[in-house]
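Let's start with one chain on its own, the form predicted on its own, as structure tokens.
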């Protein structure tokens, strides 16, 4: 595995691969790899001739009071794990290379970025869309793989790719969970033992919603009431949002008709966790 730190060097390598007719698969990450990240890499490895994984804690997607400085980092461990998966290039640019002095160009995906996480993290998706577009220009992938845990991010990136006519196929992969159902996340490391126990309520609430739909209870009120009750009765939790939305537009829906995405963000102690599931009418 090669480690490339300079953006221009990454772009030159990608250009050489394309000239050779290689299919480039790409997984953008902020590092501190867990099995969720590795599953994306393993899938990308199968669908591409060359696999690039970026490791960049992107400052523009963090708000001024968020956890940029304490976001977990372990380059040595991440390098070992990426190499074991079969990554060809680990791209590790520095912030000053991605956003040099005088930088002032940003990408905004209106509408899709406004609700859900966008409501409580203003500017977050502007930072996400901007860095992903920059990474696409540097890595020049044919296909890019994202996890469905960050579902709103996936929808935003797909819209940006469509709207800007980018020659990249964007693929979403299923959420990878711990044995007790908690969605794998680098931020899970922030949880103390009591909070970690409480965090299981996110998945339990999603399971309860799936059972409601299976039992024919499909209205927004029935589903959200049950989810909110499960979470609010669990110690150390505070709901940021619980929403039932159209899977493509992310607009609130009144009931599960065909399919709807149940999305939630919950503070567990001082850690904000997100999760979601697709509810399908039977």
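Positions refer to the first chain, counted from 1. What you see is a predicted model; the values in this text were computed from it and never measured.
Omitted from view is the form predicted together with a small molecule, to which the following refers.
J.: Have a look at 227, 250, 256, 40 for me and say which one sits with a heavy atom within 4.5 Å of the small molecule in the predicted complex.
T.: Result of the distance check: 40.
J.: Tell me, out of 88, 195, 150, 78, which residue has a non-hydrogen atom within 4.5 angstroms of the small molecule in the predicted complex.
T.: It is 150.
J.: Taking 4.5 angstroms as the heavy atom distance cut-off, pick the stretch from 162-170, 204-212, 175-183, 102-110 that is near the small molecule in the predicted complex.
T.: That would be stretch 175-183.
J.: At 4.5 Å between heavy atoms, is residue 36 in contact with the small molecule in the predicted complex?
T.: Residue 36: yes, in contact with the small molecule in the predicted complex.
J.: Would residue 190 count as a contact of the small molecule in the predicted complex, using a 4.5 angstroms cut-off between non-hydrogen atoms?
T.: Taking the distances in the predicted complex, the answer for residue 190 is no, it never comes within 4.5 Å of the small molecule.
J.: Wondering, does residue 125 line up within 4.5 Å of the small molecule in the predicted complex on heavy atoms?
T.: No - in the predicted complex, heavy atoms of residue 125 and the small molecule never come within 4.5 Å of each other.
J.: Does at least one non-hydrogen atom of residue 231 fall within 4.5 angstroms of the small molecule in the predicted complex?
T.: Heavy-atom contact with the small molecule at 4.5 Å: absent for residue 231.
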